[in-house]
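Next comes just one chain, in structure tokens: the form predicted alone.
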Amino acid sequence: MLKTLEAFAVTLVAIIISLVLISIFIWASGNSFIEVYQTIYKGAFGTWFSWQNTLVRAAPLMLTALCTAIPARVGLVVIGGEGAVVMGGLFAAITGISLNGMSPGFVLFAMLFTGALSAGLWILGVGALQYYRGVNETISSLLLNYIAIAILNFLVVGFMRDPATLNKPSTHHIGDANMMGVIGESSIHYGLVLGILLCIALWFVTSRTTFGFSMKITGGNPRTAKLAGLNVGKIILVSCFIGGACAGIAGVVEVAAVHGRANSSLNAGYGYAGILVAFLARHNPMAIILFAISLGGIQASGGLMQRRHDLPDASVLVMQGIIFVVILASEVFYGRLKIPNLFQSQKTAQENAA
């Protein structure tokens, strides 16, 4: 209970400090921060159209945040979500193009499978390098992002390129029949449903199963976990694979629900933004849903801020960066706050009185 209260208090204070710093940034640009915040709210949640834009952006953020959050449960700081998205989307496009003409349901399932498998193995490699060779997982996962992007560019500009895509080199289209549908009459695709379901499922796994408890022990102290008879290597590799598979599904969604083909749009920064969502949520899969929607709203409001306040579209990235830096700085306060345990104090008083 006290840990939850402490996490909430530190995160809340960090968000407040972030808003103050963002307000200073907005004021320095010659705008009223109150008006800009009102514009952000309007662009994110003011209308049904705004909500649709927000939720479309929130879907990949949920999935890429899991790529950081799940390995973090075993003590690894993995920031390779961007590369996992690229690999998942690339292999999904290859699968969709190869199987085009077969049953759409089967093609979509195959795309999800190959996208999740390829990205899962991509991040599993990060865990293997860390466990077996002692390679820092943060550095290796970051470098793998650039390798994945280079592979994508090489294939898309090379023999996989559709000659019809002149201005923006892309693969051939996966086929309209194989595209992921939208929910009702909205523009919200079923990637949002996948993101929410995976967050709920992984919350259950991490907090209500023996494997989740094993992850917690491994993340707390790997040496103790080994003494307890846990297979630490297996736990680390499985956790990395799950996280990578989630980001890979985000890449599949971008191909099957948004672009219809693989191109440089897969490298849209969702993997990096997902790191921020994971840290804001304290690596809790359920909390990821809320923070992904919030950050998706900020991203959705970028165009409106540009039109109304003459702020560059990159202002959204500046805001994300400020929040990220403050959240990282707040990490040093966890475990140092002296929050009185009122229940324990009451119990001690009763025992003394007896």
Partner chain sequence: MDKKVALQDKKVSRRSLVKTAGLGAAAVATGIASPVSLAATKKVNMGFIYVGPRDDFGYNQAHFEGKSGVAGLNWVKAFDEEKVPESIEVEKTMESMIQLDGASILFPTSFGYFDPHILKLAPKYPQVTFLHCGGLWDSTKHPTNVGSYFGYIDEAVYLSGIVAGHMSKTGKLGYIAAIPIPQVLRNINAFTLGAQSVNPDITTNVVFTGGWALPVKEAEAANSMVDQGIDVLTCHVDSPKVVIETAEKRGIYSCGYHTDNSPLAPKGFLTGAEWNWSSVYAMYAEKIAKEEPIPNLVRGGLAEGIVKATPYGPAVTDAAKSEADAVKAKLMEGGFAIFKGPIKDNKGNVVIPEGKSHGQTDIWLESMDWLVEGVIG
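Residue numbers count along the first chain shown, from 1. This structure is a prediction, so every number in the text was calculated from the model and none was measured.
Beyond what is shown, the protein has a form predicted together with its partner chain; the following relates to that form.
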Look at the stretches 304-312, 63-71, 322-330, 288-296 and give the one with heavy atoms within 4.5 Å of its partner chain in the predicted bound form. 304-312
When the contact criterion is heavy atoms within 4.5 Å, does Tyr270 count as touching its partner chain in the predicted bound form? yes
Check Ile235 for me: does it contact its partner chain in the predicted bound form (non-hydrogen atoms, 4.5 angstroms)? no
Given that its partner chain is not shown alongside this chain, does Ala257 nevertheless sit within 4.5 Å of it in the predicted bound form, heavy atom to heavy atom? yes
At 4.5 Å between heavy atoms, is Ser265 in contact with its partner chain in the predicted bound form? yes
Considering its partner chain in the predicted bound form, which of Pro104, Gly212, Pro222, Pro169 comes within 4.5 Å of it through any heavy atom? Pro169
